[in-house]
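First comes one chain, alone, set out as structure tokens in the form predicted on its own.
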């Protein structure tokens, strides 16, 4: 009787053991964690999906939080790969960066705003609070809503560097995080001005979102002008690692930098790398 009972108990345990084995098998899959720039995140996620299909035992986890988080997490080891939509700074030269695409940053207005262009000085005066009404730059008699980026966003750093401003100089009415927040804010406010990724803005404007991109010094803010190098406010989209990448991280970066993902880069309205 005792032997029979033991067999019955063993029979009950077998399914549980099988389930546990399956769970452990799933947990054994390699995981790659990327954190950082919201500009890169959607592209990295699509690249990750394609990479997973080619590597069924791999899971790619993409998280946002800004370029500064990407750099910090890569340095501290919280992420296998950081995402930074800018060049590395001098104090970050200990890290390794790998460009996977190019992007531009452009000023956006609501599409119903009659203003067609702004000089650099007018942009500076608007963002520093010296100009507060659109009529002063050829628009309607309406208050300007200045939309600025939050600290840690590479678009903020690029904007400040180009216009030679400090963030403390800016007098914003709204502070936003990622590109979609900026576009949503301007699309919902006819008096707003903001700056976002050209690729994202061009895509959304082409799909009916009520925004428009302003030219910069007479050069249209377009993906094509980022591609040909004529647009002055552009940047690399980088993957960042603490040391020279090895193993899974190296394989992913090589894949993300290859022509195998050019269609994904273009689908996000970014510019693929030039290759001979």
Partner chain sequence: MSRSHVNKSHADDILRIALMSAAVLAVGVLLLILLFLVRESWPALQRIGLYRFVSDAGWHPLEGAFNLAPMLIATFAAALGAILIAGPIGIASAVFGRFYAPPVIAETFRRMVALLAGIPSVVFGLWGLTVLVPIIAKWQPPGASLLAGMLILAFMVLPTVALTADAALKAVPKQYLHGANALGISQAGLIFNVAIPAARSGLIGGILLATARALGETMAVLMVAGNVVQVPNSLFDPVRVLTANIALEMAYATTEHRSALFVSGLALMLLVVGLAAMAGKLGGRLHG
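Note that the structure is a prediction, hence the values are computed from the model and not measured. Residue numbers count along the first chain shown, from 1.
Note that the form predicted together with the partner chain isn't included here; everything after this is about it.
*Asks:* Suppose contact means a heavy atom within 4.5 Å; in the model of the complex, does that hold for all of 145, 177 and 188 with the partner chain?
*Replies:* Yes.
*Asks:* Considering the partner chain in the model of the complex, which of 122, 72, 173, 97 comes within 4.5 Å of it through any heavy atom?
*Replies:* The residue in contact is 173.
*Asks:* Taking the partner chain in the model of the complex as the reference, which of 161, 167, 128, 76 has a non-hydrogen atom within 4.5 Å?
*Replies:* Of the candidates 161, 167, 128, 76, 167 is the one lying within 4.5 Å of the partner chain in the model of the complex.
*Asks:* Taking the partner as it appears in the model of the complex, which of 148-156, 114-122, 131-139, 84-92 has residues with heavy atoms within 4.5 Å of the partner chain?
*Replies:* The contacting stretch is 148-156.
*Asks:* Just checking whether residue 110 would be counted as a contact of the partner chain in the model of the complex - the rule being heavy atoms within 4.5 angstroms.
*Replies:* Answer no; every heavy atom of residue 110 is more than 4.5 Å from the partner chain in the model of the complex.
*Asks:* Classify the change in Cα distance between residue 161 and residue 38 in the model of the complex as closer or farther, relative to the shown form (magnitude of 3 Å or more).
*Replies:* Between the C-alphas of residue 38 and residue 161, the gap narrows in the model of the complex (3 Å or more compared with this form).
*Asks:* Did residue 268 and residue 150 drift closer or farther in the model of the complex, going by a CA distance change of 3 angstroms or more?
*Replies:* Their C-alpha distance shrinks by at least 3 Å in the model of the complex.
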